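Next up: just one chain, as structure tokens, the form predicted on its own.
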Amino acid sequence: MIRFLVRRLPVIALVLVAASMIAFLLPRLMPGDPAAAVAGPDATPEQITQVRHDLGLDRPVVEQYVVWIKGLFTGDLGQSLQYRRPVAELVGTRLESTVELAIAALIFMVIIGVGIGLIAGSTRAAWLRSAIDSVNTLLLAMPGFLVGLLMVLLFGIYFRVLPTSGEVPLSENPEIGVQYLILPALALALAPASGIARLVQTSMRAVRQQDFVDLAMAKGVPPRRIATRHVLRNSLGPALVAIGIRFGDLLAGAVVIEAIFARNGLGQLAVSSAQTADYPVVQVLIVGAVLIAVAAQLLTEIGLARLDPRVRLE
């Protein structure tokens, strides 16, 4: 595994360098002048020019990029132009909310996706397979924000069983925090879970045609053990790859879900920072998202090698 990670380091470094360049240049292509936003609506052109100089925005772009990269390596993420606070401190106050939401959605996605896929791939009842296929198609066609709004109407207004607005950190009160987390995590996880369920179902149907399954049945192995020990394990490869890819989608979808359920996470911070051209915050969030996606991909490849002996990291 160490050799595998060492061999992947050049590719990872190239991806992160490209991502840092995109993260640095992309916010500067957006309309708006951050110096004017910081100076205020009544500032004179001379005051805006002075603010731009104080923020270092009048330096050459290459010099600004080099200074920013040096700050990343030394832990200095810069100062938020909008909030006048260090970016590291600002991200730290919002990080817990988004991490809780992403992990809860990931758990729901894996349990629902693999569970439904196992049922659909194991059952011989045509009506049950048709029902599961219909539900999967419906969920795949519904965007996350629509699922979230329906959950707010159903469980927050009509039945009032779970809170639909705000949040309580799990570190402060786990029991109440879970109640605030269930609906947004489900809204974020249902659509990708349906895609994973369909992958597991299709893979299980293909694996069932293999000779080793017929051999196990001929030996008298119980059907449940065949489904879980032999068929499911050999069907999880595509699903594991999809889970690694979908984890990045969960972070992207958190922007909308946090707005619907009024959660104060990184998604809301990204939106407000983009609207006010807060370069330092947007840059750090983009690089952080890419770094998480790269780490998820590495973990997926390692997990795939552990799951399937035919796959070798080397």
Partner chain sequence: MSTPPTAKRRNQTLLRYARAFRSPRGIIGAGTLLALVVVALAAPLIGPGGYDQQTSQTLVGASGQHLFGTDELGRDILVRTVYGLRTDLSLILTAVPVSLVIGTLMGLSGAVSKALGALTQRLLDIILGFPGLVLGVIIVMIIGQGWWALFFALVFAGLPGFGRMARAGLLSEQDRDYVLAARVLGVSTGRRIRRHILPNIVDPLLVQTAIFMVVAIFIEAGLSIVGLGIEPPAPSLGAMLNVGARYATTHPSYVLGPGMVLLLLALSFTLLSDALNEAAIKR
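Positions refer to the first chain, counted from 1. Please read all numbers here as calculations on a predicted model, not as lab measurements. Heads up, when I say rigid core I mean the largest set of C-alphas that superpose within 1.5 Å between the two forms.
Omitted from view is the form predicted in complex with the partner chain, to which the following refers.
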Requested in this report: Consider the chain as shown here, without its partner, and state which of 69, 274, 57, 36 has a heavy atom within 4.5 Å of the partner chain in the model of the complex.
Outcome: 274
Report summary line: Contact with the partner chain in the model of the complex, heavy atom within 4.5 Å, among 119, 226, 142, 95 goes to 142
**Report entry** Every residue of 149, 278 and 290 near the partner chain in the model of the complex, heavy atom within 4.5 Å
**Finding:** yes
Query raised in the report: residue 153 near the partner chain in the model of the complex, any heavy atom under 4.5 Å?
Result: yes
Report task. Mark residue 252 yes when one of its heavy atoms lies within 4.5 Å of a heavy atom of the partner chain in the model of the complex, and no otherwise. Result -> yes
Query raised in the report: Are any of the heavy atoms in residue 125 no more than 4.5 Å from a heavy atom of the partner chain in the model of the complex?
Result: no
Requested in this report: State yes or no: in the model of the complex, is some non-hydrogen atom of residue 256 no more than 4.5 angstroms from a non-hydrogen atom of the partner chain?
Outcome: yes
Query raised in the report: Quick one: which residues from 7-29 get a non-hydrogen atom within 4.5 Å of the partner chain in the model of the complex?
Result: 11, 14, 15, 18, 19, 22, 26, 29
**Report entry** residue 9: Cα shift of 2 Å or greater between the shown form and the other one (core-aligned)
**Finding:** yes
